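Given as structure tokens, the chain that follows is alone and in the form predicted on its own.
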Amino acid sequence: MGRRSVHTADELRELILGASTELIEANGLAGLSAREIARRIGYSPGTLYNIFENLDDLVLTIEGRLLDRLDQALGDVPPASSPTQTVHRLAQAYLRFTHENPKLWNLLFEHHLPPGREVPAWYQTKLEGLLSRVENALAPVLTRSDDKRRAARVLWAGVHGITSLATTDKLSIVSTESAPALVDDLVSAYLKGLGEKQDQLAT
């Protein structure tokens, strides 16, 4: 695009985020560079660093927006008549979201911060908010808060494994079943195991 004579900082921020998101959607994280972003928005590469500290900060901002979109998608899932069915619905909504945004979603796991640098607190808060949706869905079948926290993370990790294989076109290597069918099987088996564990603890 041609350069305008004046952009506000907010406008530049949105231009940079928009161009960066398009590059990632087209070519993944490997296709992202300050030079290419600058070329697309009609500014010099140095302009990016007036808005973002570095490319890591830019990528984290894109990831944060993606997490917000996922949170909205999971929040739109209507509760079912049973906790089990609600968890199934959340898992399938997560699967659909990753398939709609494969390269952006894989960015969350391809991007690594430099050694010694931790993700910002706001980023961790977004992740915890997502996992709390699973925890809340599991609450009716689990009595202890530490059980809910662990169970939510184990289940999310398992579902994510299937979605990662599916979004990178590697699922056929391990199964001829579809990703939705495998996610349903995983959720059913895990919830059954949780139920049996709760029964054992109650006796």
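The first residue of the sequence shown is number 1, and the count goes up from there. Just so you know, these numbers come straight off a predicted model, no measurement behind them.
We do not show the form predicted together with a further copy of the same chain, though everything after this point is about it.
The single option of 51, 141, 32, 60 touching a further copy of the same chain in the predicted complex, heavy atom within 4.5 Å
So the residue touching a further copy of the same chain in the predicted complex, by this definition, is 60.
Report whether the minimum heavy atom distance between residue 104 and a further copy of the same chain in the predicted complex is within 4.5 Å.
Judged by the heavy-atom cut-off of 4.5 Å, residue 104 is well away from a further copy of the same chain in the predicted complex.
Any chance residue 177 has a heavy atom within 4.5 Å of a further copy of the same chain in the predicted complex?
No, no contact at 4.5 Å.
Though only this chain appears here, would residue 46 touch a further copy of the same chain in the predicted complex if you measure heavy atom gaps against 4.5 Å?
Answer no; every heavy atom of residue 46 is more than 4.5 Å from a further copy of the same chain in the predicted complex.
With a cut-off of 4.5 Å between heavy atoms, is residue 66 one of the residues that contacts a further copy of the same chain in the predicted complex?
Taking the distances in the predicted complex, the answer for residue 66 is no, it never comes within 4.5 Å of a further copy of the same chain.
With the partner left out here, if you bring back a further copy of the same chain in the predicted complex, are 160, 164 and 185 all within 4.5 Å of it by some heavy atom?
Affirmative, all three are within 4.5 Å.
Are there residues in 70 to 102 with a heavy atom within 4.5 Å of a further copy of the same chain in the predicted complex, and which are they, in order?
Nothing in the stretch sits within 4.5 Å of the partner.
Given a change of 3 Å or more, say if the Cα atoms of residue 63 and residue 172 sit closer or farther in the predicted complex than in this form.
Those two alpha carbons end up closer in the predicted complex.
Are residue 112 and residue 170 closer or farther apart at the Cα level in the predicted complex than shown, by 3 Å or more?
Compared with the shown chain, residue 112-residue 170 is closer in the predicted complex.
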